[in-house]
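One chain comes next, on its own, written as structure tokens: the form predicted on its own.
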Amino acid sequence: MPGYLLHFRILTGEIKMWLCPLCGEGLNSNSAPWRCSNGHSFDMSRRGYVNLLPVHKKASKAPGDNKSMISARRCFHANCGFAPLMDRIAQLAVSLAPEGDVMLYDAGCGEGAYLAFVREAMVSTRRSVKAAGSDISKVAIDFAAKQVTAAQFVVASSFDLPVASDTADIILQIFAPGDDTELCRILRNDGTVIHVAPGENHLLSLKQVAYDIPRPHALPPDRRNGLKLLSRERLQFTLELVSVEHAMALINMTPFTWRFSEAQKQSLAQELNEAEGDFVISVWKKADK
């Protein structure tokens, strides 16, 4: 399995998969700005990503995770925080992907760490991989586009994906909400969705500090609209926090960060040497019609 790499300099070719979020026509991404046949255009940022989330489709001015949480996640992954999880996702993706050309899509990609790692694993098997990801957080996509130049990124909602139908061979859905109908639409008939959710005891030690009565995470459903469950497994390991910075990154990348003052977080980071990694990994395919 490849090393825990987060930065690539190999550029992929054009990915002919994006749809105009205003009219649903295909976007020409050969040049900047991207345009559809109806004349709608979308500028490319200096990082190389495109914002396909129109203002009228935003629930707030800056939806999604903020810069502090994204920076913390980047620091955490740089210290190999969830390395066993990344290894297992990559193993599954390689085993499920078709031979030859592969279209890999991360729906809710955050800062791009998982997409980068899985893509590299596939490339190591001599597959030709085109990788793309979307997230509703513009900050997250800016981080992703800077770090993972081998993939194409757009700002978009996972409930309204600006992606052509029957496009993706492998979809990653890792700690991210989304719409089953949309995932089914963009998934090829023989494609698969790799979904990761927290297990019952994930980060229990943090939860015990944050809440008077900590409750276990709810397990993911075993039924989804239009999808058929192929496999499900539980992955548990002890998360070793190698430094105070690493522990602080873990605290700040989770919703628990809002329950602590800065002084409390500093104190907790000093004491926190390990935490519980507990994950449920599910593989889905399109249900038979």
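We number the residues from 1 along the sequence you see. Keep in mind that what you see is a predicted model, and the values were worked out from it rather than measured.
Omitted from view is the form predicted together with a small molecule, to which the following refers.
4.5 Å heavy atom contact, I136 and the small molecule in the model of the complex: I136: yes, in contact with the small molecule in the model of the complex.
The small molecule contact at H195 in the model of the complex, heavy atom, 4.5 Å: Looking in the model of the complex, residue contacts with the small molecule do not include H195, since no heavy atom lies within 4.5 Å.
Contact test in the model of the complex: S158 vs the small molecule, heavy atoms, 4.5 Å: Within the cut-off, so yes.
Close approach of G108 to the small molecule in the model of the complex, 4.5 Å, heavy atom: Taking the distances in the model of the complex, the answer for G108 is yes, it comes within 4.5 Å of the small molecule.
Among 232-240, 30-38, 217-225, 61-69, the region lying within 4.5 Å of the small molecule in the model of the complex by heavy atom distance: The contacting stretch here is 61-69.
In the model of the complex, the residue from A145, I174, V118, A131 that sits within 4.5 Å of the small molecule by heavy atoms: Contact residue from the list: I174.
Contacting member of H202, R88, R188, R73, with respect to the small molecule in the model of the complex [4.5 Å, heavy atom]: Selected residue: R73.
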